[in-house]
Structures are given as structure tokens and as C-alpha cells.
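Just so you know, structure 1 and structure 2 below are the same protein chain in two forms, each on its own as C-alpha cells.
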Structure 1
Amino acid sequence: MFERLRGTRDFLPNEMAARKKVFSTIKKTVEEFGFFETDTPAIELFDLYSIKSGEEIIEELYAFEDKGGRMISLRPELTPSVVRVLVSKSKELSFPVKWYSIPRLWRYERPQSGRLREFYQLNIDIFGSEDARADTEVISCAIKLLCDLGFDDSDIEVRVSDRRLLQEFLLTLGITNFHDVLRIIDKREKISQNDFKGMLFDINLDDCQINKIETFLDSKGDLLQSIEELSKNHKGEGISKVIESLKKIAQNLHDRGYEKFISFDPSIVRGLDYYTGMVFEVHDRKREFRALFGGGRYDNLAELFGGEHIPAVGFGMGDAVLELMMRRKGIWPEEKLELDVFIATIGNVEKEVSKVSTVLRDSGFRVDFDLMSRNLSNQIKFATKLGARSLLIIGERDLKDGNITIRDLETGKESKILLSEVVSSPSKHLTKVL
């Protein structure tokens, strides 16, 4: 017996039916926000990832040499591919572009709750606009998506910050080794306060600096209000510019009615070398799960990839944590099959089944029939397992008068009807499952 690889999944039809509903809701919402779907290869040159992905991702790559001697990799994230396309097509595109994709991604890490080796991840990005409204489009789309899936502001929290804010703040404390400090701050939630302080101490920060950093990181709260506070307390030119841009984002989110979802959290760092401005994360309020979304502004990537300067903002949302959260709230769709019509037979009526099934399918009904020469009762049991809405019973005897039976498997209501009637106007007699 063969087994599938750890951290990968099989989806049977009933499981797939539920997932398809979730994915279709996601696509609908994202398209309402004016994002258009793209598709890129699952395999890319290894170098595409070594140039910009965090070290963590590089370590987790499924990379190998192909038969032509090239180092290639299964994609661990979508962004490098999208930026590659963007750079190569930038002459023919009309900016800004709003793109989305739900790629399959692969990372060789220890499988655990919400973390798989093969998973899907919704990615949306706006390229070409530096405007704060692009940032709010992205954050709003994340919120609306979760609402359309059945969450509300009591379930989820969108924590927003700006990567530059922390940096400007550190500057005011005379700290310039951002990289080391940010790396430690990124770990803060996973370690004890003592360890946190110890690590900062080890990179030569003093007690006063460390205390100020802790106070700053703890200044969480309502986004608009926190920003007002910030602008009172921090007057430097650099930091003021950042505060101004966050303020615009906050105001716009407020205008859209999404303020209840949003909070300010200056401790959000995300992908150390990647983001250049606004950053955000979406979490369940109870913090039972890993972050559901992460995103932000990354204005320098196209240049890194050999292109012109193309400002960018976007997010990624994996399907594993989403499914866990939806199941926890009881809003994951029911895992059941759906079929419009099952044709059950008595005796040799093969020609009629061929005719009726062809006509019904041509009219858009999803139709199945017995392929096992089972008795009627077993055919009906099977039809029920397939989630059939209607049952047609075609029997040799009834056919002598041109009749067949229609049974509604939801209500149990049953009636005899001329076969010719059903064939000439199927939609009058049969209902499709929506």
C-alpha cells in the first residue's frame, strides 16, 4: 500500500465540494475588489528565491537539479513569480495592476496544526500605486473576504502598523542596528519577557532603551486614536511622515466602516528585509491559531529583480489556518455531494436511459444512472448517497404506456409522468440543486 507524503492532503469529492464553495466565495470577493486572476509556474529557477526570500524560506525550499543541470525549486511563495512576470511585461501593462492568484505552495517544514508542506495560499497585490488608498484596498479586501466567509469583528482582529515607524522610533533612541533589533522583536510573542530583554541586552542596548522599546511595542489599541497619541509624542520629520500615511489608511478604513476590525500594533514586523511601509496581520481574537493573513507594502522588490521602481502592496492567506478557524466557528461548508437527477431502472431500458440522460445533460442537469444492474432499492440507496435531488424511475412495464416515475428525494413526493413530457421540457419537471 502506498501512502501520501506527510504534510500533503487528498480531497475526496465531499471534502472537495466544501472547499470549492470556500474558494468560490474567496474569488468572488476578490474580484468584487477589482482584482484579476493570474497563474504562474509551480517550478521556478532557484535563484528567484535566493535573491529576496527570508532565510527561513530558503531553508524550507524543495529545490533540486533538473535533468538539464539547472537548480530549480517548487515555489514556496508566489510573490517572486509575480514580480518576475511584472518586470518582464512592465512595458505592455497599464498600471496600477490588481492581481490575485491561489497558488499551491510547498515548504519543507515540520507539519503541524495550520502548517503543511503543500498548501494553497490566496495572494492579492496592487502594483504601481504608492497611494495609501492602495493599502486600504488590500486591507479592506482581507476584511470583506472574512466577512463573506462568515466571520465578524468578534472573531478576527486586523493588526496594522508601518515597518518604518519602529525604525524611526529606534533612530530617536539612537539605535541603528535595525536588523538585529527587528529580528528580536519579531520573536517577542514566542519568548519570555526576560529572554526578550536579555537578547536586546546582548546586542548592546541599555536598560533605558529596552524599557522605551517595550513601552512603544505595548502601545496597542484603536488605530485612529493610537495614531493621534503617536503624533502628539513623536515630532521628528521622518516619523511624522510615517504617522501621516498611517493616518490616511486609518481614516479610509473608517470611512468604509471597517474600524471595528482594526487595531494598531507597532510590534508587527514581518519578513525582515521585505516590507517597506505598512504591514498588517490578521489573527483570531482568541489567538488560538497562527496568523491567518500577513501582508503589507514592499516597494523595492521590482528593482531587486532587475526592473524599474514599482510600488507594491498585498497579502497572502494560507488555506490551512483558514480551514481550522472556519471549522472552529462551525462555518466550514457541509461536506456532501450534490447531484440533480439519478435515473434508476427496472428491466432492460438501456436505450431510454441513454436518451433521457443525454437530453437532461444537454439541458444542464447533473445526471447519473445505474452502472451495476442493481435492484431498485439499492439504486435508490446509491442515489441518496450521491446527494441526488430527484429520482427518475424508468421501468419496462410502465414504459409500455410511455410512463416513468419522478420522485423528489427531499420531500418524498412521487408522480407518474409521460417520458415524452420529461424529454420535451425537463426544466418543468425537475429542479437543479443550486
Structure 2
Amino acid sequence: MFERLRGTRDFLPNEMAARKKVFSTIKKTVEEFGFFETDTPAIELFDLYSIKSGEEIIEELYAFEDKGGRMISLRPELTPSVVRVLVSKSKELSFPVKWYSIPRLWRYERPQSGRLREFYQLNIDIFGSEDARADTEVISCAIKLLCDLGFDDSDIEVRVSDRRLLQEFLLTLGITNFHDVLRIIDKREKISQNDFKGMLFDINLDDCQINKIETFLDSKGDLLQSIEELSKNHKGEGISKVIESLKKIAQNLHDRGYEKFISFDPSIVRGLDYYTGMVFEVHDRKREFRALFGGGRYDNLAELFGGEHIPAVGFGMGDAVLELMMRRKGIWPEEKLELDVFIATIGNVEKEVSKVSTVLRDSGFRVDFDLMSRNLSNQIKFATKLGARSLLIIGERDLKDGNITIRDLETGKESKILLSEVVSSPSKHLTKVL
């Protein structure tokens, strides 16, 4: 007997029903923000990721040589693919564009709680705008969709920073190898303080520089207040420009009523190499789980793909941690099947079942009927397992008078109705009882 591969999941129909509700809520919220759905191939050329993504993702690629001798990879993330499309179609598009998708992705890593080898991920991106309002729009969409799923500010925290802020600060300390420093800072919460300092020593930073970096990274708090403090304590054209951008984001989020969700955390740098400006991560308040998701601004990626300069901002949210958090809070949808109508039969009524089921389905009802020649009692038991709301009983005896029976499977209440009325106007006669 075959078993599924490690780090993958099977979903039974009842499980898919719950997942579909979650995804439908997410799609509804994202589309309320004016994002339009896209998709890309599940396989891409290996170079799309080997050149553009961070080292961590490169090590996790499901990559192989195809029959044409090309190195290809299953997509580990969506942004490079979306940017590839963007560059190829840029002359046809009107900017800014707001795109989203919920693709299936693959990364070969050690499976653990909230981290799988195959998973779904919501991706949203705004291309073409450098305005801080685009950053705010992305963060606001993230907060709104979590609220629509049942979370509130007591559950989640959105930690915001800007890579340029940290880079400018490092330059004031005489540090120029800031990409090496950023990679180490990105690991800070996962390692001990001694290991963190040791890694910085290994790239030739001294005690004074390391102490100042730790002090700067610990300057966390309310976004607006923290930005005000930074503007007082750190001067210079470069850092002032970044502070002004963060101030606009903070004020805009405050105007939208999302300030309780937001905090400033300069240690947020994100692991991917292509982030260029504002970055953010979303965590549960109790820190029981890994980051729910994160994102930021990546203004140079289109140019790396041979296109013109197209500023961009977005985020990706995996479904594994989201499900764990929703289950912990008790807001994951009930995993049950749902059916509008089950048609139970008594005697030789196949012709009538075919006609009624077709008419009901054409009217948008979800309909099933017995395929196993069960007796009525077992048909009703089966209908209940399918989550049917109502039962239509079509029997030879009732048909002599042109009737069928409708039973509410929750209350057990029954009524008779003419078969001809159901066939001629099913929505009119069945909506009230379904």
C-alpha cells in the first residue's frame, strides 16, 4: 500500500469544505481591496529562482533536469513568476496593477509544525506605485482579511520596519557589508545572544558596533512614537527620507483604525534578498507559532528580469500556520459536508428522479440521489451523512396523485408538494424549505 510523501497532505471532502470557506473569505476580502486574481505555471526554469531568490530558498528547491535537458523547478514562491509575467506584459498594462493568487507551492525542507513541503500560499502584489499609500494598502489588506477570518488585535501583531533604515544606520557605524549583517539579524530570534554576537564577530564587526546594533534593534514599540524618536535621534538625508515614508505609513494606518495591530520592530528584515524598503511580519501575540506571514517592498526585481523599473510591494501568507492559529482560537470552519437536496426513492421512479435532479441542478441547487438501491431508511441515513438540508421523497404511491414529499432533515417536518410545481418553478417552491 502506498503512503503519501512526507510534508504533504491529503484533504477529504469534509476537510476541503472547511478549507474552501477559508479561501473564499480570503478571496472576498482581497477583491474588496481591488486585487484581481492571476496564476502562473507550477514549473519554471531553475534560473528564475537560482539567480533571484535568497540562498535559503535555493537550498529548498524541488529542481530537476527535464527530458529536454533544461533545469527546471517546482515553484517555491510566486513573486519571481509574477514579475516574469509583469515584465513580458508591461507594455499592455495600466499601472498600478493589483494582483493576487492562492497557488500551491513546494519547498524541500524539514517538515514541522506550520511548515510543510507542499502548501498553499496567498500572494498579493501592487506594481507600479512608489507611494507609501501602496505599502499601507498591502498592510491594511493583511489586517482586514485576518479580521474577516475571526482574529482581532488581541490575537495578532503586525511588526513593521524598513530595510533602508537599518542599512543607513549600519553605514553610520562604518559598516558596508550590510547584506551579511542583515542575514544575521534575520536569524536573531532563532539563535542565542552569544551566537548572534559570534556571527557578527565572524564578519569583522567589533564590540562597539555590535552593542550599538543590539541597542538599535531593541528600539521597538508603537510605530508612530518610535518613528518620532528616530527622527530626533538619527539625522541625515538618507535616513530622514526613510523615516518620512514610515511616518506616512503609520499615519495612514492610524487613520484606517489599525494602529492597535501595528508595532515598530527594526529587527524585521525578511530573509529574501530582493526586499528593498518597507518590510513587515505578522505574528500571533503569544508567539506560539512561527510568523504567520510577511512581505514588503521590492522595487528592483523587474529590472533584474530585464524589464524597466517597476516599483512593487506585496506579501505571501501560507495556509499551514493560518490553519493552526484558527484551530487554536476555535474559528476554523466546521469540517462537514453540505448538500441542498437528497432525492430518496421508493419503487420504480427513475424517470422522475432524472427529471427533478436535472431541473434542480439547473436552478443552482446541490443535488444527489441514491445509486445503491437502498431502502428508504438507509437512504435517509446516507443523506444525513452527506449533510443534506432537505430530502425529496419520490415514491410510486404519491406520484399517482402527482405529489412528492419534502422533509426538513434538521426538524423532521414534512410537507407534500405537486411534482409539476417543483419542475416548473423549483426556486419559487423549494427556496422556502431549503
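From a predicted model like this one, the values you see are computed outputs, not experimental measurements. In this text, rigid core is short for the largest set of C-alphas that superpose within 1.5 Å between two forms. Just so we're on the same page, residue numbers count up from 1 along structure 1's sequence.
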*Either 1 or 2, the form predicted on its own*: 2
*After a core superposition, would you say residue 29 shifts its C-alpha by at least 2 Å between structures 1 and 2?*
no
*After superposition on the rigid core, does the Cα atom of residue 38 shift by at least 2 Å between structures 1 and 2?*
no
*asked:* So that I can tell if residue 20 moves, could you say whether its C-alpha shifts by at least 2 Å between structures 1 and 2 after the core superposition?
replied: no
